[in-house]
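In the form predicted on its own, a lone chain appears below as structure tokens.
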Amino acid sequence: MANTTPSLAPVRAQEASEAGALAATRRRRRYTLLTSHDKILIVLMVGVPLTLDLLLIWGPTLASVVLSFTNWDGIGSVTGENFVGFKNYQFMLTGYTLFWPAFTHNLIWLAWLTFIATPLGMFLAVLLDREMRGTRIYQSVFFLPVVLSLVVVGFIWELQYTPTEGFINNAFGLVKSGKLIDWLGNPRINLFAVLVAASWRHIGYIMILYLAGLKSVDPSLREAARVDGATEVQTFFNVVLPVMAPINVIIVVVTAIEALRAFDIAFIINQGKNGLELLSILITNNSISEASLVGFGSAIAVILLVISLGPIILFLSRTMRTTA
């Protein structure tokens, strides 16, 4: 008689396969590098900063771009009647008499920091990198203005520039001779007087950044250049400076950002008027004032944003090219 009992081999094979898969899953879970607590922690570490960045940086940025096409005064909600197209930009470029002086002053600020203040900071860093006597003291002295806020720096230099009681006019004997110079009241020279005050802080900042980069340069490179008969100047420009390329890019970006975001010192002295007009001050005066021209102030902010994107894109492209 034929055996009609079904074979149990396929069932047992399927059970064995399921048991093996379950065991493999348990092993993978057992030997995973990240626990559930680690995963939650990673989500929080990435998600919270990303959320804050979107809410506090990109949210207001996109809102400013949208508001730049409106005549919104900051009261009530934005409706379709508030949208005026490019009228804010048209008036800013052709009818607003303060825009081009402020734009020019920002360019002067950028040129001054780029070609005067930043090279001075780099030069001081090179001198202090030679481990001269009293290097720590010099570093502290030059870096001290950096820890001060720009508001405090503005007050300090405002006292220095005072026509009668200020240190500068008294030091040059201008008070006794009666030939007083109104450093901050004369629109022909007050911008450069403020740039000197801003450089006092900026030079120390660049010095510390560049000095940190110089400390990371391999000493053997300088020794090899010295053996080949190169002078210190030739060694710096032909060996050290190319090696410092990443730091140089960072310094260029920092200098551009410092110049474009200039506000505090000029506003403390005379609210950014009478020769000290800057784009950042125009944004403040139009957006936060009795006129409440939030839409027009946002248009100026967008122009400043577009100008600021240049060094930011340069920095990101340089960084991505280096890591690629």
Partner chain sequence: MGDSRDAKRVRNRLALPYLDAELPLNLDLSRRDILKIAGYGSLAAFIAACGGSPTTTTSLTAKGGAMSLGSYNTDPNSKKGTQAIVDAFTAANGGTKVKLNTVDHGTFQNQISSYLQGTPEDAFTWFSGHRMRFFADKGLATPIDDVWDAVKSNYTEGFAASIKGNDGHAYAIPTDYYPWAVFYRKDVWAQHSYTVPTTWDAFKALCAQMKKDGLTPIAFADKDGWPAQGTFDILNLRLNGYDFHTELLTGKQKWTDPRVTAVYKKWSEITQYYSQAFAGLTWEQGADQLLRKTAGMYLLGLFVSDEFKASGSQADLDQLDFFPFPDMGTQYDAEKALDAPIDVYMLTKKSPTLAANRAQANAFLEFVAKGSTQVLYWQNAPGSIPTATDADTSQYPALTKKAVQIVSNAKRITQYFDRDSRPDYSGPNGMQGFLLKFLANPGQDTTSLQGQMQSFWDSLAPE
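Positions refer to the first chain, counted from 1. Treat the numbers as computed from the prediction; the structure is a model and nothing was measured.
Omitted from view is the form predicted in complex with the partner chain, to which the following refers.
Visitor: Taking 4.5 Å between heavy atoms as the contact cutoff, choose which of 85, 119, 242, 76 touches the partner chain in the model of the complex.
Guide: Result of the distance check: 76.
Visitor: Can you pick out, from 98, 217, 230, 252, the residue that has a heavy atom within 4.5 Å of the partner chain in the model of the complex?
Guide: Contact residue from the list: 98.
Visitor: Can you tell me whether residue 68 touches the partner chain? I mean in the model of the complex, with a 4.5 angstroms heavy atom cut-off.
Guide: Looking in the model of the complex, residue contacts with the partner chain do not include residue 68, since no heavy atom lies within 4.5 Å.
Visitor: Decide whether residue 224 counts as a contact residue for the partner chain in the model of the complex under a heavy atom distance cut-off of 4.5 Å.
Guide: No, residue 224 stays farther than 4.5 Å from the partner chain in the model of the complex.
Visitor: Flag residue 164 as yes or no: does it have a non-hydrogen atom within 4.5 angstroms of any non-hydrogen atom of the partner chain in the model of the complex?
Guide: Close contact exists here: in the model of the complex, residue 164 approaches the partner chain to within 4.5 Å, heavy atoms only.
Visitor: Whether residue 91 contacts the partner chain in the model of the complex should be assessed with a 4.5 Å heavy atom distance threshold; does it?
Guide: Although the partner chain is absent here, residue 91 would touch it in the model of the complex, with heavy atoms inside 4.5 Å.
Visitor: Within 4.5 Å of the partner chain in the model of the complex, which residues of 291 to 309 have a heavy atom? Give them in sequence order, or say none.
Guide: 291, 292, 293, in sequence order.
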